Structure formats: structure tokens, C-alpha cells
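Below sits a lone chain in C-alpha cells, taken as the form predicted alone.
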Amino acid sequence: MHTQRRLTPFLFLSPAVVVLAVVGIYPLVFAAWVSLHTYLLAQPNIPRDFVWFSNYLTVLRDGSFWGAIGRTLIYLAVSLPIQIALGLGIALLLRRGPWARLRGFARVSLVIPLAMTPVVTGLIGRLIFNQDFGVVNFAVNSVTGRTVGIEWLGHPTLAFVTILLLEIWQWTPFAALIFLSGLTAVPAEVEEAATLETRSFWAMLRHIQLPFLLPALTAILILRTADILKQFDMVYTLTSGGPGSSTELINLYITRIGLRGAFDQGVASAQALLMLILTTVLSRLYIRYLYRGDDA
């Protein structure tokens, strides 16, 4: 009886542990093994020799890799703060005042972009930003009174701006919903007491509401940073990384190395593991400096 009681927790946990090992730990270990070997998919007859950290040195000496990293970090540094600022603004509008009456409708509306898959978002972007019949060019032509015909997806800078706009459009609602949920944790009596001291919006936000929003902010930073660093579907559907390499983010570059161009799984695995380290470091920094929990 005592032995059965001790084994019961392990029996309940074992399915989850097995699934985690199969879909999470095994691929990670296999990628680490591949990154230390010569592993060319297009040349299966070549021996898979152990090459130590040669693949990692190849990655660190690759200028295209650093170019993709730079574009991805710019993409992250521009899109994430805008998503957070707009999301916080929407949440504060829906928190109180006349806009609070629209909270139910707004919640449903905010979920719509989140429900779309990145591929659908990319296809919608191809229609909206089409040079000939896109909605954006139609609006610009209507305002200016002449046919402008902006080539959104054919110009390197405009193509990068386009993927930024779609990223912000799709994921700002996520930040808004998380912040709106976080604002419900602010005690009403604390806010009422604070209004006796100050009517300043910024003082209320900084000293009363923001401390309660830090866990939500940390969650948004970690989740969106991880998602942006592995961004692939939407950008590939919209621009395929072009024109040139102007929108080739790091995940598209890794895919090109591993599955389309050189089929070099060893180098691609080394790149992927370096990105995993970068994501982990950024997540740890967010927790360390923003969410000062007991274990931080």
C-alpha cells in the first residue's frame, strides 16, 4: 500500500515527462550532436565526422549570419516597444472612462488578429500592400489625388517596414489583453486613495498601476521576444526574405542554410543553438531587471 502511494505521482507525471522528452529534450540533444558533426543532407555518403566546434566558428565568421542577426534585432527593437506602448494605451483606455463600455466588444475584436495564423497574415499583407490593387496604395492615391504606386514589397526599406507593420498589427492586441488582465489586479481602494493625493495620469501610472503590471510586462517581453526571434511564416509568405536579403530574418537564414541552399545541418544546428542561447539570456535579463520576484 505504501509503495503504491509512492508510485502514484510518478504514474500521473510519466506521460507528460515522456512527451516532453520526445518533443523537447530529444530534438535539442540531437541538434547539439549534429552541430558538432559534418552533416550534409545533400551528400549523405560523406562521413559524419566529429568536428568539435568547427561549425560554430564557421557561424561566427559568417557575415551573412551577423547581417541576419542585426536585422532581427532591429525588427525586435522597433516592433516590441511599439506593441507594448500601444497595448498599454489600449488597456488603459478600456480600463475606465467612456471606452470601458466597449470592453466586451474590444476584447472580441482584439482576439481576431491573434486567431490568424502567420501564413494568413502574410497572405493578407500581400493583398493590402500590393502595388497595383492594394488597399494601402488606394488610400495613398485617394489622399494625394494622383497615382503613386508605391512598391511596398519590392523596395528593401519599404519591405522591412511592411513586415514591421504586420507584426505590430497582429501582436499589439496580445499586449493589450495581457495588460488589461494585469490592470484588474490593481486594488480599487488603492487607486481611490491615490486620487486623493494626485490627479496626475502619469503619477498614477508610474506609482500605482505600473508595479502591478510588471509581471504582465515581463511575460509579454519573454513571449514576444521568443516569437520574434523565431519569426518565419509571415515573413516567408510575404517576402520570402527579399528583396535581396532585406527581410531575411535569422530564422529564414537558418532555414536557407539547413534546408534550401547548402543543406548543411551542422552549421544550421549551430546557428539555432546560438539563437537559443541569445533568447535564454534575454529572457533572464527581463526577469532580472523588470520582475524582481523572490527568486530573481
Partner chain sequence: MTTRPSPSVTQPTSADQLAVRRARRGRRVKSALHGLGLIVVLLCTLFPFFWMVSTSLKTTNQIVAKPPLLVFQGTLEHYRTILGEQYQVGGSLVNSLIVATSATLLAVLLGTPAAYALARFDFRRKDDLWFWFISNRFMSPVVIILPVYLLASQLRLIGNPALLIAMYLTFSIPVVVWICTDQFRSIPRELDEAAMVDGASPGFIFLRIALPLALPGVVVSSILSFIFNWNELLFALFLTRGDGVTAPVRATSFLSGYDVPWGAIMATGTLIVLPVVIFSLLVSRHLVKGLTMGAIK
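Numbering follows the first chain given and starts at 1. Throughout, rigid core stands for the largest set of C-alpha atoms superposing within 1.5 Å between the two forms. From a predicted model like this one, the values you see are computed outputs, not experimental measurements.
What follows is about the form predicted in complex with its partner chain, which we do not show.
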{"item": "Heavy atom within 4.5 Å of its partner chain in the model of the complex - residue from L60, L28, V51, A262", "value": "L28"}
{"item": "L94 within 4.5 Å of its partner chain in the model of the complex, heavy atoms", "value": "yes"}
{"item": "Exercise: Y56 in contact with its partner chain in the model of the complex, heavy atom 4.5 Å", "value": "no"}
{"item": "Exercise: A268 in contact with its partner chain in the model of the complex, heavy atom 4.5 Å", "value": "yes"}
{"item": "4.5 angstroms heavy atom contact with its partner chain in the model of the complex for V34", "value": "yes"}
{"item": "Interface segment, criterion being heavy atoms within 4.5 Å of its partner chain in the model of the complex, picked from 118 to 126, 157 to 165, 202 to 210, 77 to 85", "value": "118 to 126"}
{"item": "Candidate spot I46, G70 and E151, all three touching its partner chain in the model of the complex (heavy atom, 4.5 Å)", "value": "no"}
{"item": "Residues in 231 to 253 with any heavy atom within 4.5 Å of its partner chain in the model of the complex", "value": "F232, D233, Y236, T237, N251"}
{"item": "Y39: Cα shift of 2 Å or greater between this form and the one not shown (core-aligned)", "value": "yes"}
{"item": "Flag for I250, CA shift 2 Å or larger between this form and the one not shown after aligning core", "value": "no"}
{"item": "Core-superposed C-alpha of Q265 shifting 2 Å or more between this form and the one not shown", "value": "yes"}
